[in-house]
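Okay, so here's just one chain, in structure tokens, the form predicted on its own.
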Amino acid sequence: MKKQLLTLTLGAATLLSSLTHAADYKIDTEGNHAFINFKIQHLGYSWLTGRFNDFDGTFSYDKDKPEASTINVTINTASIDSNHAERDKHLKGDEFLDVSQFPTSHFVSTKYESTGEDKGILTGKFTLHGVTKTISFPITRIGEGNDPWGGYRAGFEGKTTLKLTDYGIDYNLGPASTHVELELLIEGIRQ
């Protein structure tokens, strides 16, 4: 009887451990180890770059089952920072982000498709300026492992390009400035 109970307990423990490989992570914005950057052409002559300073999110990741990965990110749109206060004021206004009406932007993943080791295509619903669209973009796992403070971290990067008019932003910046590039550099701490 004891032998059967021990076998049953060990079998249940093995089954549970095989079901719980996925780990939940909090994006490390507190330690400033995650970034959402943007880049758009300025009149076709140069690049304007910036970032969003305030965002938060979580993700779930299992390197053995990457297709089960998920991510959820919320961006405070008023935290846009292009390193120029007057330009930022304009970008926060109703001709661009209209942060008084649309204070947040969201991305919630719906699917992850592996395209090779540490690479894949992430698909999800992205909401900006009150408009929600399904987008897909490539991501790469940068690495994962123990940190010096007793935690465990995983990091990813991804890039996508958005057409401004798709999100109701139709301010004329010239023909070279119809799209904005977003770069996500995400590092999470396992919870």
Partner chain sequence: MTLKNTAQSYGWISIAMHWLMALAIFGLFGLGLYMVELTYYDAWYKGSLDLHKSIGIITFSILLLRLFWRSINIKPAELPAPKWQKMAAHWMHIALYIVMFLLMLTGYLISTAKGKAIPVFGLFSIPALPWTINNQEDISGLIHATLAWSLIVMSALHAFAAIKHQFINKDGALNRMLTPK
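Owing to the predicted nature of the structure, the values given are computational and were not obtained by experimental measurement. Numbering follows the first chain given and starts at 1.
From this point on, the text means the form predicted together with the partner chain, which you will not see here.
Under a 4.5 angstroms non-hydrogen atom cutoff, the partner chain in the predicted bound form lacks Ala68 among its neighbouring residues. Taking non-hydrogen atoms only, Val131 never approaches the partner chain to within 4.5 angstroms in the predicted bound form. In the predicted bound form, none of the heavy atoms of Lys111 sits within 4.5 Å of a heavy atom of the partner chain. The closest heavy atom approach of His106 to the partner chain in the predicted bound form falls outside 4.5 Å. For the options Lys163, Lys26, Lys63, His42, the one in contact with the partner chain in the predicted bound form, meaning a heavy atom within 4.5 Å, is His42.
A heavy atom within 4.5 Å of the partner chain in the predicted bound form is found for one listed residue only; from Thr115, Gln101, Asn83, Asn72, this is Asn83.
Scanning 85-118 for heavy atoms within 4.5 Å of the partner chain in the predicted bound form gives Ala85, Glu86, Asp88, Lys89, His90, Lys92 in sequence order.
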